[in-house]
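Only one chain is shown below, in structure tokens, and it's the form predicted alone.
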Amino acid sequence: MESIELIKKLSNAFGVSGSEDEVIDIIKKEISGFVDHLEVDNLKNLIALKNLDLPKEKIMLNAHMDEVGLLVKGITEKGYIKFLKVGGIDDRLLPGKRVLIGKNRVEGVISTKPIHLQKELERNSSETYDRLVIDIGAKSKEEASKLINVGDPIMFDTEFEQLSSRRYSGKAFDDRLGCAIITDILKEDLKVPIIAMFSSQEEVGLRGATVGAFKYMGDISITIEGTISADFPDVRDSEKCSSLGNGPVITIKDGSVITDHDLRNKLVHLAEKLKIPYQFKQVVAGGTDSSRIQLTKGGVRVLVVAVPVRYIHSPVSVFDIEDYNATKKLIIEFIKNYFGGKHD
């Protein structure tokens, strides 16, 4: 259950893009003593180095710490909060959602007009985010301004919960699951040079990885993500992208990168040899830090492996712990088998 407790802490942490400090603190405490060097750079990438003195290929393990969310744009005279979106969020998911604002986690609710007062045209359309406000219970701008500042980040108020024996709900599984997997891997006694980059601001343009990968360049890189799963009714098989319970999702190509064919073939061969279930990403959509890492200096060979997640980029998502465990096992065994990571 150790991984579950780690995932819970990471999922509940405040980490909207540009405000990853809580996530950084959690990971630093977890991996302190298991790595040789820790640093936080100017863009708030957390970088951990391990065994770089060994004369072997250096492996970069990458996951991003930030989550999609909102940002305070202004305060109305009546004390309501106007906001911007941070990252890709469907406007239809916003009305009626609970949120937490700023470092003091001020509670609020995104406003929605009661259905009783909506005209027929309003019922058949959705409000865009710029027409919505957040209600924090303030009666005036002066009262709200004592609690809220323009520029404060806003996260969804979603607590990590167990849904069934294998499945859990919460927020920010994209990509706190990847962060948890790398944290677990760093605790393993792998005899290989590892650069672990927990990157910032991925959701707003892959910004952190662009800087972090340039300073500490790996010979290969494995980006570990939480990826799209749309395996529910009325979605065609070709559009599901991935399915919960079917193991790690291996990317051949997405909207930003083509992964290394040789490394990917080795990964697939190993999964089949060890009887670890796996699936390929079925929809060429989205992008990851791997696209920036791949283009660093003279180029880096990259892989992308992900845990399937339902309802990604929404206030609440769902994942299967067996997919998490299989993803972690596959990456550990891949390092051991192909890059000399076996115990002495």
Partner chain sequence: MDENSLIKTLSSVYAPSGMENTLFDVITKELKDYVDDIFVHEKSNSLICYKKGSGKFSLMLEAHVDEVFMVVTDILKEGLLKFYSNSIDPKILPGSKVVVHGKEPITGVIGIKPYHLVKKGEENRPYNFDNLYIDCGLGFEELRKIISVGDYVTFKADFKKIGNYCVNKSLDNRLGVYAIIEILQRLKKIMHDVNIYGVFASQEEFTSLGAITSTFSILPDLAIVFDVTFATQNEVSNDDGFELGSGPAIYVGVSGNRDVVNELIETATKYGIPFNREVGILSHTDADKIELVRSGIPVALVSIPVRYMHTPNEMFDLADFNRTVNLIKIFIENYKKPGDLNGEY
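Treat the numbers as computed from the prediction; the structure is a model and nothing was measured. Numbering follows the first chain given and starts at 1.
Although it is not shown, the form predicted in complex with its partner chain is what the next lines describe.
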Next on the checklist: Taking its partner chain as it sits in the predicted bound form, is residue 232 in contact with it (heavy atom to heavy atom, 4.5 Å or less)?
Outcome noted: yes
Item to check | Non-hydrogen atom contact residue 311 with its partner chain in the predicted bound form at 4.5 angstroms | outcome: yes
Checklist entry - Just to confirm, residue 108 within 4.5 Å of its partner chain in the predicted bound form by heavy atoms? => result yes
Next on the checklist: Using a 4.5 angstroms cut-off on non-hydrogen atoms, would residue 274 count as touching its partner chain in the predicted bound form?
Outcome noted: no
Item to check | Position in contact with its partner chain when the complex is considered in the predicted bound form, options 215, 113, 253, 261, heavy atoms within 4.5 Å | outcome: 113
Checklist outcome for this item: Only hit among 73, 92, 103, 269 for heavy atom within 4.5 Å of its partner chain in the predicted bound form is 92
Item to check | Segment that reaches its partner chain in the predicted bound form - one of 188 to 196, 139 to 147, 175 to 183, 205 to 213, heavy atoms within 4.5 Å | outcome: 139 to 147
Checklist outcome for this item: Contact check, 135 to 165 vs its partner chain in the predicted bound form, heavy atom within 4.5 Å, ordered by sequence, gives 135, 136, 137, 138, 139, 143, 157, 158, 159, 161, 163, 164
